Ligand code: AMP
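Just one chain follows, in the form predicted on its own, and it is written as structure tokens.
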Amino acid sequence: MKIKEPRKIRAILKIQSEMRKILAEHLRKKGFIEISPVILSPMTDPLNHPTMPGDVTCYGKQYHLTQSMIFHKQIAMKFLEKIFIFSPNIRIEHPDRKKTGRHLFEFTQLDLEVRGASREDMMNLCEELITDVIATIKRDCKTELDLLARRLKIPKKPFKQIHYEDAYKKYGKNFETMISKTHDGPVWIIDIPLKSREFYDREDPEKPGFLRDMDLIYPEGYGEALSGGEREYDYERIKTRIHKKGQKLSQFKEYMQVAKDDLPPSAGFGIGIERLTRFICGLKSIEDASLFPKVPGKYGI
């Protein structure tokens, strides 16, 4: 954060505060209940890429710093139908991500989950949230947007969809970057291969080897916005998927104990608040979307 530009700092943080308000109000109107975040737990998202461990010992037991609340969201579905959380996440990424402009190792996700929902339900909900927050910020934060020289365009629904394999064939392994740079509206990536995601993402029963998942890509080169989809909820299916990933059941024993007693089918997603702030404000680096940023490989207060 460039402390020498306090007016711009205030504008960015005002917009981010309004974003949180708009998102929460939209979800509450749809019957969502906000729950508290989980900071420490014996279980957390294993992710599909390596991060350095963030572990804490409490009372002789090991806890993980939350990388995402995916397991807790699924468990919450046993008690609640629709939930959301402004969830702080710690993902101690490799230092080579320092220069991407879109990675923090401490950030906040708007995490939500809906019992009995489909991927398409979540995509529709996300499109509503994105268009609502952009339209409202454009209307109510004109002074701040002018100061930041940002001209917002309200995306048209439905957002464009591209199948993962088609994107890979057209653009190669860096397809997310290319799609982001070559489109002027958000784009969905769907039908993601099994090996590219975690064990809890639901395999499509009609397309074996592919998941009922989706990623959203921001336009204008801002990159990934969110990941989400449907969840595996059958105990035996979860076991099989853990083994396919080369992981051990003992890594997830608390989660598996709950899953053995049935998890409800559900779907959801997590959208990064700082990444959304960066996109809406037109910021070069995500570092400017936080008052106290934690950038991979850099020391922050």
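Residue numbers run from 1 along the displayed sequence. These numbers were taken from a predicted model, which means no experiment stands behind them.
Below, we turn to the form predicted together with the named molecule, even though it does not appear here.
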Even though the named molecule is not shown here, does it sit in the predicted bound form so that Arg91, Gly270 and Ile286 each have a heavy atom within 4.5 Å? yes
Is His103 close to the named molecule in the predicted bound form, meaning a heavy atom pair under 4.5 Å apart or at it? yes
Would Phe107 sit within 4.5 Å of the named molecule in the predicted bound form, counting heavy atoms only? yes
Classify Ser227 as contacting or not contacting the named molecule in the predicted bound form by the rule of any non-hydrogen atom within 4.5 angstroms, answering yes or no. yes
Given a 4.5 Å cut-off on heavy atoms, tell me which of 236-244, 270-278, 54-62, 26-34 is the interface stretch with the named molecule in the predicted bound form. 270-278
